[in-house]
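Encoded as structure tokens, the following chain is the form predicted on its own, with no partner shown.
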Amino acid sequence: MTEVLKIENLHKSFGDLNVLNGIDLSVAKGDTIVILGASGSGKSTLLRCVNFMEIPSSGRIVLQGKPVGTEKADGINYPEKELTGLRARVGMVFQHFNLFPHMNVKQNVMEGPRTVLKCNQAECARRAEEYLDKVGLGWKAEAFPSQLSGGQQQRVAIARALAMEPEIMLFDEATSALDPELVGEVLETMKELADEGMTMLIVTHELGFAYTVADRVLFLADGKILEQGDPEKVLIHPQQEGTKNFLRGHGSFRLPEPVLD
């Protein structure tokens, strides 16, 4: 499989606080990787380093075979122009939707292609319509964010990220701000993207979703990958005590129903 993303010995510190302590990860095209860990384990910081919302303290990030930044004698230099181009290729969906309240749904989705990619009006509109249809919200194109449920707003945020046609999608606790009854619709949208072969890194506490959708599950602790493997290995038969304690704290989760002949 084609390697889309490679992370090599990634470290990130904030002053004296070491948040990431040597992350190595290879992500192939079409992989769905779910990242688990307790609060403060470095999950969100890892995603923010991948799209350079946070600049790594050391280590390399390689996207589509090309290292990001230029190596200098005193470290790696990251020109802002290069990072702007990279962020257009790495989509990110956050816990909070951050839609523009004064724009309708279609205008929100058009904004990125218009301002960053300099697409013409017709192309921006085409992308908005396509990706709103993909998340099941084409019928809400003229609505404003205040007229949508939280789940619908998050699906618009996913459409907005997809409209940039990124090479990889990052989801940082995309359902944690939603009421429980709205979580399912967002997870279903994410599952459909996985089924279609979108390359994704997902931080979530939805263990049933992780078991059903992930190709690989990573468990982070103290800024390191403590354990990784397929969902059965990590979620059902974990080897590390830290993973076991985390899973005990989250109780049981519903496994997929067996398929009956």
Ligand SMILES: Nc1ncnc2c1ncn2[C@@H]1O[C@H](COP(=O)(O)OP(=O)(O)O)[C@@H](O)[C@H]1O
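Residue numbers here begin at 1 and follow the sequence given. Every value quoted in this text rests on a predicted model; they were computed, and no experiment measured them.
In what follows, reference is made to the form predicted together with the ligand, a form of this protein that is not presented.
In the predicted complex, the ligand sits within 4.5 Å of a heavy atom belonging to residue 42. Although the partner is absent from this view, residue 38 contacts the ligand in the predicted complex, with a non-hydrogen atom inside 4.5 angstroms. At a distance threshold of 4.5 angstroms between non-hydrogen atoms, residue 247 is out of contact with the ligand in the predicted complex. At the 4.5 Å threshold, heavy atoms of residue 25 stay clear of the ligand in the predicted complex, well away from it. Contact annotation: the ligand lies within 4.5 Å of heavy atoms from the stretch 44-52 in the predicted complex, the single such stretch among 231-239, 44-52, 63-71, 189-197.
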